[in-house]
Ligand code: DGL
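Listed next as structure tokens is one chain, alone, in the form predicted on its own.
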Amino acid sequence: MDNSPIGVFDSGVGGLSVFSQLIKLLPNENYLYFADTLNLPYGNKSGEELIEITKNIFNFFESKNVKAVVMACNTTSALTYDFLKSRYKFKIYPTVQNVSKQIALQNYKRIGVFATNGTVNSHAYRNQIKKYSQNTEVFEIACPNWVSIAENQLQNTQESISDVKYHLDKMLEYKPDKIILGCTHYPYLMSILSKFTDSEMFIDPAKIFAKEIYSDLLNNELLAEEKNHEPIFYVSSNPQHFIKTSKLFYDVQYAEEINQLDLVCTKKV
């Protein structure tokens, strides 16, 4: 047993879709959630930028003595995990790598992926799925506006609906068996997506990811014996906006704002 906390991070509220699944499966764990709202969105940043950002967040979690960090962000999983995976002693759970294996094992013939520019350009989902299922065709489409739509709760505007439908129409031309919502913000847009095609078409990676984390913690005897505190939420800017926008995924009551100077590296990487 290990009562040390689990760190979870994303650029904003999207990672709460993963967090909400984790807390259902693992209610006794102690959680620290970090929303890097100052650097939102991650999808248009370079790999080098994201490595520096993620290092700072990892070092912050390290200073909190976490036993694991959940990369509840597809873009950082795609672009930073390989660099950082062996540089820390705690367990690291990247979204893309964990989810892709389980989806590949379902033997779908044609998989679509909606994701950020960074994730699509890395071809992380395609490469990871093909590790386990060579015959699966993977079609990746970047949706650069969708994070902003979710973060700013603009899903009911005509401009947002048109943007979502445009990308969905492009994807449906490939005739996918399933479509992965390859950014944790994207499930927020199911109310639009389900207007134009069956909601069963879409895979929300959060549930798959949470089950993988649960299994690994169990197998490594890292589950907590008891909860010592309620989840603690940190943001790098604008806590009130984060609290307001969070309500779709989890009812956040308070978030502590951390100045970027507080995210100083505590160890050299």
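Note that residue numbering follows the sequence shown and begins at 1. Everything quoted here is computed from the prediction, not taken from an experiment.
This next part talks about the form predicted in complex with the ligand, which is not shown.
Q: Is residue 42 close to the ligand in the predicted complex, meaning a heavy atom pair under 4.5 Å apart or at it?
A: Contact with the ligand, yes.
Q: May I ask you to state whether residue 104 is within 4.5 Å of the ligand in the predicted complex, using heavy atom distances?
A: No, residue 104 stays farther than 4.5 Å from the ligand in the predicted complex.
Q: Could you confirm whether residue 184 comes within 4.5 Å of the ligand in the predicted complex, counting heavy atoms only?
A: Taking the distances in the predicted complex, the answer for residue 184 is yes, it comes within 4.5 Å of the ligand.
Q: Heavy atom to heavy atom, is residue 100 within 4.5 Å of the ligand in the predicted complex?
A: The answer is no: residue 100 has no heavy atom within 4.5 Å of the ligand.
Q: Please identify the residue among 179, 147, 164, 129 with any heavy atom within 4.5 Å of the ligand in the predicted complex.
A: After the contact test, the surviving option is 147.
Q: Name the stretch: of 67-75, 81-89, 164-172, 190-198, exactly one has residues whose heavy atoms fall within 4.5 Å of the ligand in the predicted complex.
A: Flagged stretch: 67-75.
Q: Check each residue of 1-39 against the ligand in the predicted complex and list those with a heavy atom within 4.5 Å, in sequence order.
A: Residues within 4.5 Å: 10, 11.
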